[in-house]
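Have a look below at one chain only, the form predicted on its own, in structure tokens format.
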């Protein structure tokens, strides 16, 4: 049985709605557009959340991979 690699999982998330938590505790929700080998993530329709409440609409953003704590499908 072949194990799934991290980039395989990220490839499956392209076009999907995801939740990203940053190291500073900020949660960002939006549609994943692309990523690179450094886990930098481009998102469309991104929104900053405060708990489950919408705090700010961010639009299209680039998140630096070094600031990401985790990525989860929504």
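Small disclaimer: the values here were computed from a predicted structure and weren't measured. Positions refer to the first chain, counted from 1.
Form predicted together with a further copy of the same chain: not shown, discussed below.
Going by a heavy atom distance of 4.5 Å, is residue 66 a contact of a further copy of the same chain in the predicted complex? Contact with a further copy of the same chain, yes.
In the predicted complex, does residue 45 have a heavy atom within 4.5 Å of a further copy of the same chain? Although a further copy of the same chain is absent here, residue 45 would stay clear of it in the predicted complex, with no heavy atoms inside 4.5 Å.
Wondering, does residue 17 line up within 4.5 Å of a further copy of the same chain in the predicted complex on heavy atoms? So residue 17 does not count as contacting a further copy of the same chain.
Is the gap between residue 52 and a further copy of the same chain in the predicted complex 4.5 Å or less for some heavy atom pair? Close contact is absent here: in the predicted complex, residue 52 is far from a further copy of the same chain, nothing within 4.5 Å, heavy atoms only.
Check each residue of 50 to 74 against a further copy of the same chain in the predicted complex and list those with a heavy atom within 4.5 Å, in sequence order. Contacting residues: 58, 60, 61, 62, 63, 64, 65, 66, 67, 68, 69, 70, 71, 72, 73.
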